[in-house]
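We give C-alpha cells for two forms of one protein chain below, kept apart as structure 1 and structure 2.
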Structure 1
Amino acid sequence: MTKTNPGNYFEDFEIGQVIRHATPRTIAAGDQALYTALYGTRFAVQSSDAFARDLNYAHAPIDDLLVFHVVFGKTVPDISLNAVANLGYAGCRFLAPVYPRDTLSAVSEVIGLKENSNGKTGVVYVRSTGYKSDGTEVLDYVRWVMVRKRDAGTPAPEPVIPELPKALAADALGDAVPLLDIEAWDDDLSGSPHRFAAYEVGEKIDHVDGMTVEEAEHQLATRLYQNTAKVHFNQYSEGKGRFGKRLVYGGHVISLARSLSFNGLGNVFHIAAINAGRHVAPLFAGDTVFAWSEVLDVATLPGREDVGALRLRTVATKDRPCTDFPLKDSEGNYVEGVILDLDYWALIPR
C-alpha cells in the first residue's frame, strides 16, 4: 500500500460522498499582508483596523476572497488534484466575518457527476462549506471541476447534474457584516464619493487599470492557499499537456479582477455572495489582466439602513483593455480575450 496521496480520479467519486478535508488553517495578519502584496487590494474596511473599528467591526476583517481561497485550497487534494480545469461556481454565500487568528477548515459533499463524451474525463459537482474552529459557518458554495479518469475503460456512472440557482435573492445574503455606524464612513479615506444611490442598473464601468501576472507571483499566491493542484506548479507534467505550461489558478484571476474593480467601485467593500462564475479561458504568466463591471441589480436589505446591495457582473480579460466592454459576440460566444465572467452581490454604504 502506498502512503502517498495520488488524489481522487473521476471514478473515485460517488453521489452523497462527504469528505472532511485535512489541514485546518489559522489565518494570520501576515496572510492578509501577503494577499495585499500580491493583488494590491485597497478596500478600506479590510485595510485599516481604525477604519473598521469606527464602523463597528472588532477590527479589520480578512479579505473575503482570501477566506474563499483558503477554504477552496483545503478541498483541492481531495477534489481537484487531478483536475484538468475548475469550471465554475454557484450559490456562494459569505456567512460570517473572519479575523486574524481565526482557524478555518472545510467539508465537501459530492452532489453531481457527469462523464464527458471523450470518456477520459468527467465533471464533479461539490458543495463545500468552510468553518471556524467553534463551528461557525463562514462560507458555503458549489463548484464544478473537470477531473481526469484513472482508466478510460471504467463504465460511466449515471449522470446527475444538480439544479443550481442562477442567482441568490438579496434577502438570502449572509450576516458577515455587523450593523455599521455608517455616519463614521469617511469617503475621503475609503477612496470614493460614490455610495449606493450613485449606481444604476445597466451602468457599465471600465476599471481602466491592468496588472501583468508573473510566474513566481501566481505560484506564491496559490501556495498561500495550500492549493496543491498539479496544473499550477508542475511544469514537468504540464509541459507535456494541452497548453505546454502551467495554468494560473482561476481564483487568482478573480482576486485580480476584484482588486482592479476598486477603480470605480471603491466603496463596494464586501462580497456577500457569488451567484455564478465561469472561467472562460486560461490565463498564463506574462498575460495582463483588465476588468470591467456592469450593475445588474440594486437592492435594499431587510432591517439594514446602513448598507445596500449591488448585483455586479465583473468581466476579466487578458491582453485586452476594456474600453469597449468586451463580452460576447452576436452568436452568444465569448469574444477573444475574455477569461472570467463573474456574477456576485456586494455591499456598499448607503
Structure 2
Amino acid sequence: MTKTNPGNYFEDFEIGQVIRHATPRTIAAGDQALYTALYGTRFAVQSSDAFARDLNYAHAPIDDLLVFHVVFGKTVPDISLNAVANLGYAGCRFLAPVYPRDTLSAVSEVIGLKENSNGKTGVVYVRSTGYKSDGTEVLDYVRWVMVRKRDAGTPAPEPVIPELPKALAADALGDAVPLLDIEAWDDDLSGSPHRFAAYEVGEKIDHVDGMTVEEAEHQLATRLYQNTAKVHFNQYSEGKGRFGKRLVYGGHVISLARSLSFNGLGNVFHIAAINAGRHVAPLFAGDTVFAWSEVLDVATLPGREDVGALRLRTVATKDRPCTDFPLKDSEGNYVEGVILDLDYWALIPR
C-alpha cells in the first residue's frame, strides 16, 4: 500500500461527494509581485494600493486570475491527476476580493458523472469553491475532465449531466468589487480613456503585442500555483511522449492573454465571471502568444451606477499576429494557431 498519491480514478467519484483539497495557501504581496513579473500585468486596481483605496477597496486586491490559478491548482491532485483531458469550465464567478495575507483553500463537489462508451474513461463534473480561512467564498466554478477508469470492468454509474449556464446573468456579477467611488477613477493613471459606454457589441480589438514563453517562466508560474500536473515539469517523461516536450499550463495562456488585453481594454479592471473556456491547442516554450478580443455583450449591473459589464471573447494564438482576428474557418474549425477561446464577463467603470 503506497503512501504516494495515486490520484482518483473514475470509479472513485460519486455524485454528491465532497473533497476538501490540500494545501491552504496564504497569498502575499510577493505573490502579486511575482505574478506581475510573469505576465507584465498593468491594471491599476491590482497594481496600486493608492489607486485601489481611492476607489473604496481596502488595498489593491490580488489579481483575479492569480486567485483562480491558486484555487485551481489545489484541485489537481484530487480531480485531474489521472485525467486524459480537461474538457472545459463554466459558471465561474469571483465572489469576494482577495487581499494580501488572505489564506485560500478549496473544496470540490462532484455534480456529474458519465462513463464514456469505450468503458475505459468517464467524464467527471465538479463544482470547486475557493474560500478564505474565515469561510468567505472567493471563487466558484464548474469544470469537467475526462478521467481514466482503474478497471474497465467496473459497471458504469447512472449518468448525471449537470445543467450549465451558457453565460452567467449580469445580476450574478460584481460581488468581488466593493461599491466604488467612481469619481476617483483617473483615466491617466489607469492608462485608457475608454469607459463602459465606449465599447459596442461586435467590436473587435487586436491587442497587438506578442509575448514569447520560456520554460522557466511557465514552470515558475505553475509551481507558484502549487499545481502538480505532471506534463508541465518533467522533460524526461514528456520527451518520450506525444509532443516530445513539456506542455504549458492552460491557465498560463489565460493570464498572458489577459495581460496582453490591457492594450485596448485598459479600464477593464476585473474579471467578474468566466462563462466558458476552451484550450484549443497546446502551447510550448518558445512560442509567442498574441491575443484579440470581441465584445459579445454589454450589461449594466442591477443597483450599481459605478461599473458596467462587458462580455468578452478573448482569443489567444501562437506565432500568429491577430490583425485579422483569427478564429474559425468556414467549416467551424478553429484555424491554425488559435490556442485559447475564452468567454467571460469583465467590469469597467461607467
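For numbering, take structure 1's sequence and count from 1. In this text, rigid core is short for the largest set of C-alphas that superpose within 1.5 Å between two forms. Just so it is clear, the structure is predicted and the values come from calculations on it, not from any experiment.
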Does structure 1 or structure 2 depict the form predicted together with another copy of the chain?
2
Does D78 move its CA by 2 angstroms or more between structure 1 and structure 2 when the core is aligned?
no
Does the C-alpha of K120 move 2 Å or more between structure 1 and structure 2 once the rigid core is lined up?
yes
Does P100 move appreciably between structure 1 and structure 2, meaning a CA displacement of 2 Å or more on the superposed rigid core?
no
Quick one: CA shift at G241 between structure 1 and structure 2, core fit, Å?
3.0
